[in-house]
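Okay, so here's just one chain, in structure tokens, the form predicted on its own.
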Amino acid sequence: MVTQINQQELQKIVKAVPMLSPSASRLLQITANPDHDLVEVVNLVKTDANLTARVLKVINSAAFGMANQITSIDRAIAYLGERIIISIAIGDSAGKLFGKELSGYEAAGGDLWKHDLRAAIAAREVVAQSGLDISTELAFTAGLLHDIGKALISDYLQGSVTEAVALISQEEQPHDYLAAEKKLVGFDHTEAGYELAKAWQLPDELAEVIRYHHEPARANEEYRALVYAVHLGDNIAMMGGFGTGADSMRYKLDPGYVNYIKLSPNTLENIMLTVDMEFEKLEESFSDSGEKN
């Protein structure tokens, strides 16, 4: 049964979610700064014994096929890159949230993580292959976090799929799934995610992506190109068959992305191929190291 929630109840839901670990939170702050240096990431990981162990497990997993075991965290991070370190830190800190079953979307446990990971890779490639003057690693992180609000409102949407689809199909006043969520429970997943972003004290860029990834034209101009990159990454992930259940491909693609991002059909095809290849490698490496959600 669908349950309406108000602002006060949403705040209670957010407060019940565990905070990010200090290391994960600091890592997101560091990597959001375009002028940061990789040595800052290395130094941070070195202060966290658990994160260090996770990183070394991943680099020495069968997926990377290293000839000799790597025991230096400096070498491990230089080889893996920031995006994998961020994935490990977030997965370790908020893995239960990303791995939960989304009953309100009729999605299995782990589907949210798989979708977000593919969207993250796609957003990174959109930035890299379109020549945007944005950090590719920031785009990856934003893509990884963009749908976190679904984990907060899913339980309240349970049993609502038929009604949501009916709302979307209305001829007189058509909705997308975002509008259907808001009509059914009082908040959509971007609003819920934004409240969590504030509670987690995420950098403004990441909070803006979480709030406006389905409505990028509404984002602050300073962050709009990044939001559009994640908007495209989200759609590319869904086009590749990795959504989060009943809402897949039930959102509007904002054509305004062409004012910020130039992609040819061939480039889009290359991005989708890269997403498939990199996703499989990351999934294998997390699975081999015991990281998979």
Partner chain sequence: MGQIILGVGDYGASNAPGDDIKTFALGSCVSVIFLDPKTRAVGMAHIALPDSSINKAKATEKPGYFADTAIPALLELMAKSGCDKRGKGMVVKLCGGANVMDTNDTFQIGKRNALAIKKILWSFGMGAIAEDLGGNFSRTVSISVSAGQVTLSSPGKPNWQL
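Numbering follows the first chain given and starts at 1. All figures in this text were calculated on a predicted structure; none of them were measured in a lab.
If you look for the form predicted together with its partner chain, you will not find it shown, but the lines that follow are about it.
Although the partner is absent here, Met272 is a contact residue: one of its heavy atoms lies within 4.5 angstroms of its partner chain in the model of the complex. In the model of the complex, its partner chain sits beyond 4.5 Å of every heavy atom of Ala16. In the model of the complex, no heavy atom of Val58 sits within 4.5 Å of its partner chain. Under a 4.5 angstroms non-hydrogen atom cutoff, its partner chain in the model of the complex has Val165 among its neighbouring residues. Against its partner chain in the model of the complex, the set Leu232, Gly245 and Leu263 is in full contact: each member has a heavy atom within 4.5 Å. Figure note: of the listed segments 209-217, 87-95, 156-164, 131-139, the one touching its partner chain in the model of the complex, with heavy atoms no more than 4.5 Å away, is 156-164.
The partner is absent here, but in the model of the complex a heavy atom of His175, alone among Lys182, His175, Lys100, Arg75, sits within 4.5 Å of its partner chain. For the options Arg26, His36, Arg250, Lys46, the one in contact with its partner chain in the model of the complex, meaning a heavy atom within 4.5 Å, is Arg250. Shown without its partner, the chain has Leu232, Asn235, Ile236, Met238, Met239 in segment 215-239 as residues with a non-hydrogen atom within 4.5 angstroms of its partner chain in the model of the complex.
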